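Below you'll find only one chain, the form predicted on its own, shown as structure tokens.
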């Protein structure tokens, strides 16, 4: 089996130091929506300077290089054991090169491993076998600050008047945005999962964030809710970094899952403006980065 360790190191470097074009475009557009001389506009302008410097110097966009979340779509016949070894070796080497900060801390004994590897759980790697011939590795780096303001709700929630329907979903998602108050490094991107159990609901709320900004759910009702939540979040006036303004949320992504009759979970994963996600596709001997 082909050794892709060096190619995965490059994927990590690009993800950590260079935002994808769709994210950068949305951030640039947001600057024009804020008042000249305002704290909101100043924050966005500083963000753009940071993005440009990070890309030019191959340095992390944020000092918190986040939890590495890998989605691996592999053809029949590839070894997931070997792919996992290569991903872990690449992450360790990328940490040595300072593309990543050592982030893996043993929660029981409060010790940092120093190499970004923490047992089998860090980094998080999800494997999915596909029928095609291409290998696709997607990576998202999710910072701790935005992870801290994610929330999960069990409906009905009487304190918010939220029932078990899309109207109730809307209420709890807006509650999550209001409670974040810019602490998740706004402007943010919302990943929302409706249904599932507590675990699968949170996982899917992150997975939906791998899709490009502006793409809508195929279900027209969910697509409409995505647009509405982004609009209403921006009407709260929280703004970039909580300084006030018109740009609190850049986009909203929603996915729906099956659930047990007794449960109705809504999970909200909040992604900060440093929306670091990239992918590499292996087509024969060719490696393509997006």
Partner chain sequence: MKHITTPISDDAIRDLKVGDSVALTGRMVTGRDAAHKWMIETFIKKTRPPQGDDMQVYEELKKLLNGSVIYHCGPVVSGVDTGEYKFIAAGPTTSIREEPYQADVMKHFNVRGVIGKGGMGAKTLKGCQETPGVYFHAIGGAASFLAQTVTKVHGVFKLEFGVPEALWVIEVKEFPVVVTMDSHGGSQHAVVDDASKKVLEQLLERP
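Quick caveat, the model's predicted, so the values are computed rather than measured. Residue numbers count along the first chain shown, from 1.
Although it is not shown, the form predicted together with its partner chain is what the next lines describe.
- Checking 257, 69, 31, 62 for any heavy atom within 4.5 Å of its partner chain in the model of the complex turns up a single hit: 62.
- For the residues 171, 216, 164, 84, the 4.5 Å heavy atom test against its partner chain in the model of the complex is passed only by 171.
- The candidate spot formed by 150, 210 and 275 lies out of contact with its partner chain in the model of the complex, as no residue has a heavy atom within 4.5 Å of it.
- In the model of the complex, at least one heavy atom of residue 183 sits within 4.5 Å of its partner chain.
- The closest heavy atom approach of residue 226 to its partner chain in the model of the complex falls outside 4.5 Å.
- Its partner chain in the model of the complex comes within 4.5 Å of no heavy atom belonging to residue 92.
- Within this chain, residue 236 lines the site of its partner chain in the model of the complex, having a heavy atom no more than 4.5 Å away.
- Considering its partner chain in the model of the complex, the lone stretch of 218 to 226, 237 to 245, 23 to 31, 260 to 268 in range is 237 to 245 [heavy atom distance within 4.5 Å].
- Scanning 143 to 165 for heavy atoms within 4.5 Å of its partner chain in the model of the complex gives 145, 148, 160 in sequence order.
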